[in-house]
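For reference, the chain that follows is the form predicted on its own, supplied as structure tokens.
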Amino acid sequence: MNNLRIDAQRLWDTLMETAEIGGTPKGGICRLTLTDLDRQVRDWFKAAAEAAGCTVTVDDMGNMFARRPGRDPGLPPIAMGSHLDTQPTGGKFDGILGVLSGLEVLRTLNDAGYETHAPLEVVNWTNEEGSRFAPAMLCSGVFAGAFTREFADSRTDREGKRFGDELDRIGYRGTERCGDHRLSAMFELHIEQGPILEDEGKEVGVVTGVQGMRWYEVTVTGFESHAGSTPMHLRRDALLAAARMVQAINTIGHDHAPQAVTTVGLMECRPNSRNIIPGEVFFSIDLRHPDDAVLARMDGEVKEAIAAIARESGVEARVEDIWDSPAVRFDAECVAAVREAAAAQGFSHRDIVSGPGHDAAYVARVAPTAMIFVPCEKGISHNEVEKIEFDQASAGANVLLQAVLSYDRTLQERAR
């Protein structure tokens, strides 16, 4: 079945259809996890998967599994998956491409009357983005044993709403214990979210692993006082101290360039009044590097810089470690299946390490895993203008199809 191809127009149409759920005026999507819009797209996915002959189950973290039977029902399924939640100003393709391409693979096999040896599944992982409930990849993390279910349920958004309560509210807490769902392997198709493939004119990225990343939350506490009557030398300005900390974090990223990246992406100032010296500032930190040893050094440098600036500024600073995701190397056999699928179809390709985190990084702890990247325009993602072309979506889905079929043949050969 090496000449089997997905229906590219059908895939594109489903991408555009689901983009209307939470669609924004600028052409993106705002579909935060466990909101009513998340429930709506979950309902859509469940109905579409059942229409394709799948059985849909949900675990107690809301992860959804749409299964197409194989000849050997005793084998754990080969999964394809990603996520349907988005950033507040997300694009049409981040995560969604991987879920809907998996659905299109199943539809294509149905059209061809092709029966696989192992069952196949499409997975929608809950709270991949982490934009509402930190950390990211929360529920694939529970699936892989990186987090407990109690930890996940206890996470709160900026309004104080608990993850567990919101999961119950939208009606997507299943009965299966998260992590009990065995997989033979998983393949995740995703947009690159960076500029390398486009810059080099490559059609497909063969993802060999994911760089390490750490998240932190920092609270800087100074003293609120009147902006007009407090002399400059007597101020304990939390925002000024936080600004210096942000600059120091940026400098540490440059010091470990070109592979390191450091980001402060969220900041809240209190009381946030124009004539009051800020008394408290909350901000987030995101550190990333493909070498865990370097990432550990960056961790120490950031914490030392924050402590030093706090002392100099007469403020207090509390740093909370939120998430530590070590660097990941994907399964060699799965990676080879992706590489061979791209080459067999004549797509230009290159090996690449993922800068962003993905659910596949956690699933790799419990099952053989690999990823497929396709370019996105100018490397832009987590932005409403995020864009890929029709042919790029088709290429990624066709590589996904052939990589999964190749791995299925491998399982069949082992059974013999």
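Start at 1 and count along the sequence shown; that's the residue number. What you see is a predicted model, and the numbers here were worked out from it, not measured in a lab.
A second form of this protein, the form predicted together with another copy of the chain, is not displayed here; the remarks below concern that form.
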Candidate stretches 113 to 121, 328 to 336, 67 to 75, 193 to 201, one within 4.5 Å of another copy of the chain in the model of the complex by heavy atom = 193 to 201
Whether Phe223, Thr263 and Ile380 all lie within 4.5 angstroms of another copy of the chain in the model of the complex by heavy atom | yes
In the model of the complex, which of the listed residues (Ala296, Ile170, Cys269, Ala305) lies with a heavy atom within 4.5 Å of another copy of the chain?
-> Cys269
Since exactly one of Leu106, Leu183, Ile277, Ala310 fits, which has a heavy atom within 4.5 Å of another copy of the chain in the model of the complex?
-> Ile277
Looking in the model of the complex, any heavy atom of Gly27 within 4.5 Å of another copy of the chain?
-> no
Indicate whether Arg244 is a 4.5 Å heavy atom neighbour of another copy of the chain in the model of the complex.
-> yes
Closest heavy atom of Gln211 to another copy of the chain in the model of the complex, within 4.5 Å or not?
-> yes
In the model of the complex, Phe163 touching another copy of the chain (heavy atom, 4.5 Å) = no
